[in-house]
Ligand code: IPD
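Single chain ahead, written as structure tokens, the form predicted alone.
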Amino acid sequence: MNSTPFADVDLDVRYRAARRIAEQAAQQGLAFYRQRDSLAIEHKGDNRQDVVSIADRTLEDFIRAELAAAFPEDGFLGEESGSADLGARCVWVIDPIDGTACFVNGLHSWCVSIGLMVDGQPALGVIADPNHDELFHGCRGRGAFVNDRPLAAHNARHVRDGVMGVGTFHEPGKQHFIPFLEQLLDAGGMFIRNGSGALMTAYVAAGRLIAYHETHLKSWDCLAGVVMVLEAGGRMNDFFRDDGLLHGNPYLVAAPGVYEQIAGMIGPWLDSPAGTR
């Protein structure tokens, strides 16, 4: 077992709690999913693709209450309920249902995602996928797993060696998306999009995908999986720069053998300062 960079923080207690809470929330989510035709669905702003349901809010309330009871000194950032105590040393970052559009349309690509930042760095993450009975989890210095199986990034050396995940969500960054896909296809690569950034990040950690790139992603969609990617030997871009925790950024996680190739296809805007993209 490797030493953890957060030796003076009780990560083990938080790690156990996050796994328990994620599994409980996922089962609640599954109950909602099975009665999804009766759920009230709302749209965020004018974007008809960005949806939220009572299930999202109920699960986030549950997760937030459980974490607050166990760790009252910790901060919190949730997709639906916003932030609290972001100056705390430990900050939980939550997406109660990542892949809500899939959830409400009867697709299985959704999950519960719980991540923790310590001193501004990703420290642990749990992603619960109840449709496939998979619990992805990882903690810095302690490895990454799906259920009890260790995760390892793909051994790809070229984009031809596997499939990568991709995505874009309209503005910002959509103007870069088609040019990137053209380069990927010209190089012999192939892609999928399943509707859940958390799951696609976990799949990179598991070696199922060689990489995942999104033109702009929010931290609650990826933080939990980022820990797993790093523990599984993968690489990520400088996602948390320029207040990426709150506002998101362009995003890339990849197996080490293809990271530079894919980053080159994306171009310098991947890690450019906010406002120059």
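Computed from a prediction, not measured in an experiment: that's the story for all the values here. Heads up: residue numbers just count along the shown sequence, starting at 1.
Separately, the form predicted in complex with this ligand exists; it is not shown, and the next lines address it.
Exactly one listed residue, out of 97, 126, 153, 116, brings a non-hydrogen atom to within 4.5 Å of this ligand in the predicted complex: 97. Contact annotation: of the candidates 75, 207, 195, 141, the single residue with a non-hydrogen atom within 4.5 angstroms of this ligand in the predicted complex is 195. For residue 169, a non-hydrogen atom is located within 4.5 Å of this ligand in the predicted complex, even though that partner is not displayed.
Using a 4.5 angstroms limit between non-hydrogen atoms, residue 59 is distant from this ligand in the predicted complex. Looking at residue 221, you'd find a heavy atom of it within 4.5 angstroms of this ligand in the predicted complex. Taking non-hydrogen atoms only, residue 231 never approaches this ligand to within 4.5 angstroms in the predicted complex. Heavy atoms within 4.5 Å of this ligand in the predicted complex map, among the stretches 126-134, 196-204, 183-191, 142-150, onto 196-204 alone. Remark: none of the three candidate residues (23, 66 and 68) comes within 4.5 Å of this ligand in the predicted complex, counting heavy atoms only.
Taking a 4.5 Å heavy atom cutoff to this ligand in the predicted complex, the one contacting residue in 72-92 is 79.
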